[in-house]
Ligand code: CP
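For reference, the chain that follows is the form predicted on its own, supplied as structure tokens.
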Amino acid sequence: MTGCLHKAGSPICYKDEEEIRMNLKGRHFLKLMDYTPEEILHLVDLAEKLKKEKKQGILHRHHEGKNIALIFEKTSTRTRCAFEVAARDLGMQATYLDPSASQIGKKESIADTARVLGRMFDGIEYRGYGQEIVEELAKYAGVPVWNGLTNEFHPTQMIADLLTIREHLGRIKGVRFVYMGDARYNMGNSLMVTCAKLGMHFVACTSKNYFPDAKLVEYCENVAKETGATITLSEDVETATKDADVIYTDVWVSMGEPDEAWAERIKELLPYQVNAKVMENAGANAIFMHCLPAYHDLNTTVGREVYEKFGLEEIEVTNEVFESSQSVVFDEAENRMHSIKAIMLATLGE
């Protein structure tokens, strides 16, 4: 096998697949703060390899007969489908536990749930609320635990995003990455950590009330000193988005938050909507990314409710941008499956 392994943005050619194999067997995947830049890029490379095999019809059922549990305290179309398809491609069976089926932390403690499921399954995915829940699952499970999303971090999305960026821009290191909107929670946190780890230039473009946590910013700034990354917090849209390589946004109100949050968010974040002017300022070669779902029209219940209350037909991104040639959101969504497959394969043993 021949090809190139991208480390910190510089291609390193290899002659044999054994040379790029990295032992991550038995590791949890809870947040990218737990992984080195080389380990993160290995997962991107593995996702790329598995994606090519999938497109070529090459089977990779490396974990035939294994079983995984999918705990969903928050529902999701992309995360569930990505894990289930990825599991089947690897030869595994997946058991889905929806919010009503799981007793985690209710009738059974997190530690007890972990010890029960860890004896029945080879790996456990958790998507829900506090990061402390997935961390405690990992402490007691005895098998790899994967974070499908918590309030604080969304690491599986990061591998998909990195794969998408490299596919469209041809590089990762040095990319100027602008995140617009509410940068205080899982997406803003994870993207800032990712950029710091991989030598990218992260900009949180939003109201100062929606900047990331100061302690996490300090952590990322310290990491950036070693990788060549930069961390910038800006309220100025024109300056922040000028010549950006990536413009990224997410919904302004997350699942489980009260409806009253919309009024506050719209008031403060509407100036940070991704629109044609923003993309023009970034430049013709910039790409637009969104982890989905996106409120870019009136074809959703939430979109219609916001329109009825606030008169907005589009929220965090305009339909013009969402449907433009610069938008790579569906490549990004597909890459969730390839990336999750890589994460499971690597942590269960390649």
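Quick caveat, the model's predicted, so the values are computed rather than measured. Residue numbers here begin at 1 and follow the sequence given.
There is another form of this protein, the form predicted in complex with phosphoric acid mono(formamide)ester, and it is not shown here; the text below is about that form.
Site annotation in the predicted complex: the residue of 75, 95, 209, 275 reaching within 4.5 Å of phosphoric acid mono(formamide)ester with a heavy atom is 75. Only one of 292, 286, 40, 306 lies close to phosphoric acid mono(formamide)ester in the predicted complex, with a heavy atom inside 4.5 Å, and it is 292.
Proximity of residue 197 to phosphoric acid mono(formamide)ester in the predicted complex falls outside the 4.5 Å heavy atom cutoff.
Looking at residue 338, you'd find every heavy atom of it more than 4.5 angstroms from phosphoric acid mono(formamide)ester in the predicted complex. Remark: residue 157 counts among the residues lining phosphoric acid mono(formamide)ester in the predicted complex, judged by a heavy atom distance of 4.5 Å or less. The closest non-hydrogen atom of residue 164 lies beyond 4.5 Å of phosphoric acid mono(formamide)ester in the predicted complex. Of the candidate stretches 266-274, 78-86, 215-223, 231-239, only 78-86 has residues with heavy atoms within 4.5 Å of phosphoric acid mono(formamide)ester in the predicted complex.
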